[in-house]
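Below sits a lone chain in structure tokens, taken as the form predicted alone.
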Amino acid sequence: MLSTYLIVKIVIILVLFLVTLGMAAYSTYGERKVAAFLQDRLGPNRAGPFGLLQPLADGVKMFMKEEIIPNTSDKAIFILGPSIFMVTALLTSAVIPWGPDIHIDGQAYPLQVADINIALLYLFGIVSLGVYGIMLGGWASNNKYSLLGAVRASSQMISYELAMGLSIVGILMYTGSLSLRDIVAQQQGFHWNVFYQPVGFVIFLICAFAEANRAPFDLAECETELIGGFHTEYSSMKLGLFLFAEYIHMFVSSAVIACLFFGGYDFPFIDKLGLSPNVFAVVGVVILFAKIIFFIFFFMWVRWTIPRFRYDQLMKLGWQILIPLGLANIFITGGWLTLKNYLNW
């Protein structure tokens, strides 16, 4: 018979999985509403009240569309590409602490699938595997536009992963841990890392846009140059997986930004309210998701406001500006911590 701890853990995993899918699905609805607001339109308003059933209608449409696999494609790899991209997007949410521990019958259960002490290394490792999904999908299509989009995407993501890695070194020097739960715990009491690492935050935010292929970094799929980019030949739910994974990346990126720089589920003076542990956990989850929704809105706002970079501008920003800036931030942080320890501040 399964133990109570294992049952509760399985329930938490299933709930977090469904919440991740639900947030990604309704991010597509939010994207249309934000775009409509910025462009003085109505957006979805037919499928259900206020258009709230539009994501379900889109899902049904994707499943019901005719599936086309080009005769000249490598069929096995053609199918494997979107699968890898989707799976890696889902795996990234496993190490995010979604809230404080909940208590059932005196037993504490963390609202986290896996609290590993190398969570940030795990995140970067899984994110880097997502490049293979895009690259294989574009190459297996046997289409020059798809291949060019895949090459653009892989070089862009690899380039900005370097700057993203450098941007969090300052946080690691402050906290001394690779665990996201430890990093969140050390920001309690409004000691948010964004106040100590503002340059690291700006670099990480820019790189998050590039990693998620969001405008103005959507050079891998810009329809004005590449028809549809790396997923030009895809249809039906295979195309849906590529599009859906992008929103999962955006959701997870927002959660990671909130945890690394904005205290995660912390809010100023929340510990002064005298809440019971379970109420405190629920409030913490609500606070974290409020921060996530804000950053998702910011992702969408930027997409419909700033024009797309040229590809040479994109690579110049990554290699000649962000990487040197990240290195400078590391040296400055190291110097400050050394001086602080020397003077015993």
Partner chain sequence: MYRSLTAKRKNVSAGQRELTFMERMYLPAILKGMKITIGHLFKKKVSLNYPEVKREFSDFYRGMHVLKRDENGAENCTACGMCALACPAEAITIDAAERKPGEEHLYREEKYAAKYEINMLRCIYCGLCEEACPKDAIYLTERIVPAYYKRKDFIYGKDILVEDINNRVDITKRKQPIKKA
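Numbering follows the first chain given and starts at 1. Remember, predicted model here, so these are calculated numbers, not experimental data.
Not on display, but discussed next: the form predicted together with the partner chain.
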* Just one of 47 to 55, 60 to 68, 31 to 39, 275 to 283 has residues with a heavy atom within 4.5 Å of the partner chain in the predicted bound form, so point it out. => 31 to 39
* Can we say D115, S128 and Y132 each have a non-hydrogen atom within 4.5 Å of the partner chain in the predicted bound form? -> no
* To do: Give a yes/no on whether R308 approaches the partner chain to within 4.5 Å in the predicted bound form, heavy atoms considered.
  => no
* Would V194 count as a contact of the partner chain in the predicted bound form, using a 4.5 angstroms cut-off between non-hydrogen atoms? -> no
* Asked: With the partner left out of view, is V202 within 4.5 angstroms of the partner chain in the predicted bound form by any non-hydrogen atom?
  -> yes
* Can you check whether W319 is within 4.5 Å of the partner chain in the predicted bound form, heavy atom basis? -> no
* Structure fact -> Residues in 283 to 310 that come within 4.5 Å of the partner chain in the predicted bound form by at least one heavy atom, in order, are F297, F298, W301, V302, W304, T305, I306, R310
